[in-house]
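A single chain comes next, written as structure tokens; it is the form predicted alone.
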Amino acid sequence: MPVFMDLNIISSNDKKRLKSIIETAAHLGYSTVAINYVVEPQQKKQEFPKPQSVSDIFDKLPVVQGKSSPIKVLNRLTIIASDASHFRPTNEYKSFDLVAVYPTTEKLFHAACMTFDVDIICIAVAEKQPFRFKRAPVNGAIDRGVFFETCYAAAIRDNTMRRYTIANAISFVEICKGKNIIVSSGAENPLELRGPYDIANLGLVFSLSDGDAKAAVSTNCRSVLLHGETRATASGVVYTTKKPITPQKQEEESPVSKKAKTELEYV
């Protein structure tokens, strides 16, 4: 059974509303959500956020619909970068499970794809994409294991934003060929959440294939989490498998005394 994730639940000081959004996500079948703290360094008076402890929101985490396990809640930081100086990884970044950047210029988008140490690059949804996507930096990000995110909540709020969301997503899918895309909600209240299968269908509207649309809310999100873990520990994960030994190789590796005894039996 696929594991569905929504990696963009907008943070709120209203703990009751945030709790309601996470409970709704669990009811819809999402196994993991990420509370997204958005920072815009251009606003000088904005304080750097501190992620909330899950225990401050819930006494007991809600159980995921159709599963026996509780929902997993992560913390995510998103930097809205309009200048290269706005993205400067510090120890404060380490408090978050995931780090994302929303570049507002073509130059910053290129830098985010090729050099920024992030897990997610955000695609515009509330406005017309301010620059054209180019294949080279996008492929560079894909090679580095970075994922691109488009959100759908803005499309629910406003008809104009719906057109921007769909147009920007289709434009990007043409460049990336459906690779390394996740679709998140960006929800600010429970009514803006939709079920994972509804979002997979929305992916078809974005010109994703059926398989890529489902991956955008499941396996691709899992890859984002693994990328975040690798980035945080500055090391990779090694998987080992036991390779079966063929009879011929087993004979070659067997002790000399055992081989001699076997040969005598046939004399």
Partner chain sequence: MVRHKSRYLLCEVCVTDRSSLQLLESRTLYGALKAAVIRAHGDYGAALYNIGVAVKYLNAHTGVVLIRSRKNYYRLLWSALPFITYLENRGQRVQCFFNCLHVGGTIRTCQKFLVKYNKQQLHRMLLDCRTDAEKQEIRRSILRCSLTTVREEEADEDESDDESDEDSVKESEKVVLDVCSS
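Because the structure is predicted, anything quoted here is derived from the model rather than measured. Residue numbers count along the first chain shown, from 1.
Note that the form predicted together with its partner chain isn't included here; everything after this is about it.
Within 4.5 Å of its partner chain in the model of the complex, a heavy atom is found for all three of 28, 193 and 205. Using a 4.5 angstroms limit between non-hydrogen atoms, residue 177 is distant from its partner chain in the model of the complex. Its partner chain is not drawn, but in the model of the complex it has a heavy atom within 4.5 Å of residue 159. Residue contact check for residue 38: none of its heavy atoms lie within 4.5 Å of its partner chain in the model of the complex. At least one heavy atom of residue 63 is located within 4.5 Å of its partner chain in the model of the complex.
Comparing 93-101, 106-114, 185-193, 138-146 against its partner chain in the model of the complex, the single stretch with non-hydrogen atoms within 4.5 angstroms of it is 185-193. Exactly one listed residue, out of 42, 223, 230, 201, brings a non-hydrogen atom to within 4.5 Å of its partner chain in the model of the complex: 201. Just one of 74, 79, 71, 155 comes within 4.5 Å of its partner chain in the model of the complex, counting any heavy atom, and that one is 155.
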